Every structure is written in C-alpha cells, then in structure tokens.
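First, one chain by itself: the form predicted alone, in structure tokens.
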C-alpha cells in the first residue's frame, strides 16, 4: 500500500511539473513596460476629447466615432474593450488635466485624442513622457508633427493644416479670383497655424495679405478688429477659429458697411450645428474648409446608419470617421502585439504598440489609405470647401 501510494504521489507531482513547464510564462521585455490584462479583465483605452462647452459638438462627434469603432471591432483576444472618456476642454489646461488623469491609470493602453491642437500640445508630451500612445482624430496644427516639436507617442489620422491652408488659398485665388485677403486667428496652435499656412500659400500664389490679426477666443466685441481689417481693403477674410469667436466675427462682419461684398471664410473648427445657430442668417453664403467627407465605402454607410440609430442625429461635425479609423488602428495594433498566456492573460508592450502603429502602411480605413510617417502623420488628406446654403454646409469644391 505504501509503495502504491508513493508511486501515485510521484506520478501526480510529475504531471504537475509537466503542466507548469508546458504553460506559457509571460515576461515583459518591452523598453517602455507592459500593460498586464488579467484573464477576466477588460482592455482599457481612453479618449480625451472636448465633450462639454461651446465646442462640444466637435468632440462629441469624435467620441461617437470612437464608441462605434469599439462596437464594430468587438472583443480583442477574448477581452472586452472599455473606454474611459475624458474632456480636453479644447484648451491647453484641459489637455494637461485630461492627460495627467489618463497616465495616472497604468491599465490604460492607449488614448484617442485630443480634439483641439491647443489641448494636444501639452497632452502629447505628458502621454509620451509616460510611455503611452495617443492618436488624434482632429488635431491639425503643423506643430504637432513637426520634426522639431513632435512627441514620440503622438500620431493623428486628421490632415495636417499644411494641406488645408494651401487648399483654401488655392480656392480663394484660383476659383474666386481673389487677390487681396486677410486672416484672423485666436493664438491657438490650430488657428494660428492654419491662418499662417493660408497666408504663406496665398502669397506664393501671387496674392497679397493685407491684414493678419489676432483676437481673444472669448472676445465679446470684434467691431474694432473688423473695422481695422476693413480699412486694409481685403476681398476675402479667412478666420479659422472656433464656434464662439467664429459666430461673433460672422455676425459682426455683416453689419460693417466697408465689408459689404467681402467673402467670409472659416474652417473645420466651426463645422457644427452650434455654429450655424450662433451665426444665424449671417453665415449664409460664407465658405468653410475642412476634411472631404465624400467617402464611398460599405463601412462608412454602416457607420452612418449606426450613428443615426445610436445617437439620434446626423453627424455633429467632421472628424467622426477619423476617430473611427484612429480607434480601429489602435485596437488592431493591440491585438497584433499582445502576448497571450494560456489562461487568457495579456501582456501589451508599450514600445511594441508604438512601433506597430508608426509602421502602419496602406491601411484601408473609412477616410482613405492610411500610412504613418515617423512623425505621426497618418492621414490620407482630402480637403473640401463648403458653402453655407439654406442653413447647412454644402460641399462645393473640388
């Protein structure tokens, strides 16, 4: 009996040793560390978008794109994907606060954000310094992907305003026949960057910039500013600002006799129902540059149907598809780099995730064929100019 018992015990111990040796021991050898996801735990990603305040429709539009992408993608390696939404406030302060909150949670794998370039500047540094990855669906400031100022963990699926500023300059010069233009910004990296590209491109085409002005984003009286601009004799005024200031400039300009007949133009920061309400009838006939949304693919058709059903509205702004592509790229990269244990545990290397995303090439997204360069520009940039007709944005060019 004793001999039989010892034999059974030895066989049992041997089996346990074999089982342990046969299991996959996960070890993190990633330079930036790993996120460990337990067998029954979700994969957590975050968003940092402007979801309250005067510019909330810009961020909510992207937020909905993120949520739909998570729904469409489903589980990643058997793990549910959970979203931690934060508000970037469309400001440097909001970007800093939201980023600090995100990196305080070591279980967050990656970030979709920010909405506004002004928020993106501090957020991209905080996220990158912490070893995280961030993909923006709507930051367009050239500074964010400039070799001199790019942060290592930052990418975007939105266009670079070097493209948008040039497109609006070409429209003004070649289509409208404008030779004298003015530009107004509010000091934000997005607004100043886009206005500057427009200025430089318009000048290169042979036009003259007769005024280049700045105004506070929370200004309540822009009549002195517009009176000064009017005195310079522009045929066209480009003000790529946000909803509040954009609405005020538009309404005030229509009341200044010296600006009668002058073309008014803004950019994607105002492409929302809130701006149309703020500007009222004064917006009629003005031009707005932004991403070309004439996507023709089955995924976008399904996306639009889901957006309408889930949120009860047409898209609120113009970066929802870019947010969808950013989120899908992130989830796909997580799935491809994660180490998976026999029990379902995941190890997701942060540097491996960065490397995978920056190596994106020829990805077929809603917004086009995405290829990321070493500084995080991933977009297949297509710009359209819309005109406000009967209280709605109607794409008219190209």
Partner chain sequence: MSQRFKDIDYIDLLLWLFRAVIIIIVIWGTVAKIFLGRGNAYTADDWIDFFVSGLSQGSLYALIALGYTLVYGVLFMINFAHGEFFMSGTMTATVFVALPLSASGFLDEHPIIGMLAIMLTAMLISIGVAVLTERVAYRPLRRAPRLVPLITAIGASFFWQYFFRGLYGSSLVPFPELAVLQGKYNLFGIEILKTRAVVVVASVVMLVGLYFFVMRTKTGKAIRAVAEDKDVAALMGIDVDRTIAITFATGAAMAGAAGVLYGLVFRQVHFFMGFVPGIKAFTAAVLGGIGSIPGAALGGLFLGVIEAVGPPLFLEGLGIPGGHQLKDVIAFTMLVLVLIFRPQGIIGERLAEKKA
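Because the structure is predicted, anything quoted here is derived from the model rather than measured. Residue numbers count along the first chain shown, from 1.
The protein also exists as the form predicted together with its partner chain; that form is not presented, and the subsequent description refers to it.
Among 71, 129, 301, 255, the residue placing a heavy atom within 4.5 Å of its partner chain in the predicted bound form is 255.
In terms of contact with its partner chain in the predicted bound form, the residue from 292, 215, 86, 170 that brings a heavy atom within 4.5 Å is 215.
Taking non-hydrogen atoms only, residue 54 approaches its partner chain to within 4.5 angstroms in the predicted bound form. In the predicted bound form, at least one heavy atom of residue 247 sits within 4.5 Å of its partner chain.
Mapping the unseen interface onto this chain, residue 220 counts among the residues with a heavy atom inside 4.5 Å of its partner chain in the predicted bound form. Contact check for residue 225: a heavy atom falls within 4.5 Å of its partner chain in the predicted bound form.
You can rule out all but one of 186 to 194, 113 to 121, 92 to 100, 308 to 316: in the predicted bound form, only 186 to 194 has residues with a heavy atom within 4.5 Å of its partner chain.
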